[in-house]
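Next comes just one chain, in structure tokens: the form predicted alone.
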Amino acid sequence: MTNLFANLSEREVKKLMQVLKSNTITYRKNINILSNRTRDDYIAIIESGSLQLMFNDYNGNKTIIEELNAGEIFGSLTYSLNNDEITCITKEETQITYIEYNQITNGEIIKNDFYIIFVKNLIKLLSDQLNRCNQRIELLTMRTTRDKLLGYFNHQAQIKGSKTFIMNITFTELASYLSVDRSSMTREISYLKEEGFIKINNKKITLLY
């Protein structure tokens, strides 16, 4: 059960999904889930698995916009998904539930007692996602690759509540996420290790400052 349904019983969630006329689909790994969707007026709830939302420019370069995991949501409230340059790729087998916006505001659901709880949960998730987007903007506006790396590592440490954490993306994906050159980033990581800022064991990062 995702955070969107926090403080709701299983019976209430089942009734909610019926009223909202939700549709749940399971995708295999490496599928662009936007390829067969023609509407952009929906909320997508990631029930299990994970996704990468990516921007593909005219030169074929790919930039990771956001990593999305189980319990998170996306849709046109946060991104313009009708853009052909945007793809949303599954990183593993992923189950997604779709809800159309016009169902969220229909009169039948508003009559239910649990509707307010559902809306509060939705607003909280959107607020969390906005905070992540603001953190991403903060990273991208940093001047140097070193600043971006240290900023990213600090954010991850705050999320995990520990100076030691496991990265959930590869270093190639990290370079894309930070919009930096992969070779330059690798050199900067080596400098940070040599200067005693970080310790790395595969994808396990420990901050030493």
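Take the two forms, superpose them, and find the largest set of C-alpha atoms that agree within 1.5 Å; that set is the rigid core. Residue numbers run from 1 along the displayed sequence. Bear in mind that the values here come from a model prediction, so they are computed numbers and not experimental data.
Although not depicted, the form predicted in complex with the DNA is the subject of the following passage.
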Fill in the blank from the handout: The one option of Thr164, Thr172, Gln158, Thr26 with any heavy atom within 4.5 Å of the DNA in the model of the complex is Thr172
Problem - Contact assignment for the DNA in the model of the complex, among Asn154, Asn32, Ser179, Asn69, heavy atom within 4.5 Å - result: Ser179
Practice task
Using a 4.5 Å heavy atom cut-off, state whether Thr145 contacts the DNA in the model of the complex.
Solution key: yes
Handout entry: is_contact(Ser9, the DNA) in the model of the complex, heavy atom dist at most 4.5 Å
Key = no
Practice task
Look up in the model of the complex whether Gln18 has a non-hydrogen atom within 4.5 angstroms of the DNA, and give yes or no.
Solution key: no
Handout entry: Contact test in the model of the complex: Ser22 vs the DNA, heavy atoms, 4.5 Å
Key = no
Completion exercise
Near the DNA in the model of the complex, with a heavy atom at 4.5 Å or closer, the residues from 90 to 104 are none
Handout entry: Exceeds or equals 2 Å, Cα of Lys21 between the shown form and the other one, core fit
Key = no
Practice task
State yes or no: after fitting on the rigid core, is the Cα displacement of Ser179 between the shown form and the other one at least 2 Å?
Solution key: yes
